[in-house]
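Okay, here we've got a single chain as structure tokens, the form predicted on its own, with questions on binding and movement later.
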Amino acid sequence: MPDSSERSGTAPAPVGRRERKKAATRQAIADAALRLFLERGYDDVGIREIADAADVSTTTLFKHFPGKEALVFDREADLEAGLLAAVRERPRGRSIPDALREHALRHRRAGAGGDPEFAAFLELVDSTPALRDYHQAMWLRHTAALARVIAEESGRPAGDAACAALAHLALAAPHAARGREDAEEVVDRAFDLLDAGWRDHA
């Protein structure tokens, strides 16, 4: 996924050896955790086993990740960047709710058949109550950042209540489809309602 410097056309800042080593260690830990979770199930894998598999100490592991659940969601910053880019980079004439609808559906379709690894990841999350709850709470933490971008893009003041409401509901909408056979239709209908309400408010 392109970072913000690539999207803006500016050259990325050079990364030092220490930062590269930290990033490599973090990635090794996350990769080891996900591999073990997929092989044996989230509840049957311990922190020490993950640290051993990544060839680090448990102290080092906790320097990079605050807890076991966080090991599964190591790319959350990238996901937030993609979410905000969906609003900022939408085609001219496309409404903000419609841009968020397309982002949500594209994310869902990637797990439905386009990427086997992503599909396995989603299955792990959906089948593990602790991960489902953590993911829902973590995803909703993007509400403030999304609300700010919606306000910027719609010319509304920071802290606008309608922008905050749209951000929260847009993030919550995909979870209404969890476990349903008609999940894509549920997401689509939810964003129909959000789009109609947003247009009426505007």
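We number the residues from 1 along the sequence you see. Remember, predicted model here, so these are calculated numbers, not experimental data.
Omitted here: the form predicted together with a further copy of the same chain. The next part is about that form.
*Asks:* Pick from 28, 140, 38, 145: which has a non-hydrogen atom within 4.5 Å of a further copy of the same chain in the predicted complex?
*Replies:* Filtering the options by heavy-atom distance leaves 140.
*Asks:* Please tell me which of 173, 34, 45, 53 lies within 4.5 Å of a further copy of the same chain in the predicted complex, judged by heavy atoms.
*Replies:* Selected option: 173.
*Asks:* Should residue 24 be counted as a contact of a further copy of the same chain in the predicted complex, where contact means heavy atoms within 4.5 Å?
*Replies:* Residue 24: no, not in contact with a further copy of the same chain in the predicted complex.
*Asks:* Would residue 69 show up as a contact with a further copy of the same chain in the predicted complex if we use heavy atoms at 4.5 Å?
*Replies:* No, residue 69 sits far enough from a further copy of the same chain in the predicted complex that none of its heavy atoms falls within 4.5 Å.
*Asks:* So in the predicted complex, is a further copy of the same chain close enough to residue 150 to count as touching (4.5 Å, heavy atoms)?
*Replies:* No, residue 150 is distant from the partner.
*Asks:* Under a 4.5 Å heavy atom criterion, is residue 189 part of the interface with a further copy of the same chain in the predicted complex?
*Replies:* Contact with a further copy of the same chain, yes.
*Asks:* Given a further copy of the same chain in the predicted complex, answer whether the residues 73, 125 and 130 all have a heavy atom inside 4.5 Å of it.
*Replies:* Not one of the three qualifies.
*Asks:* Under the 4.5 Å heavy atom criterion, name the residues of 83-103 that approach a further copy of the same chain in the predicted complex, in sequence order.
*Replies:* Heavy-atom contacts to a further copy of the same chain in the predicted complex: nothing from 83-103.
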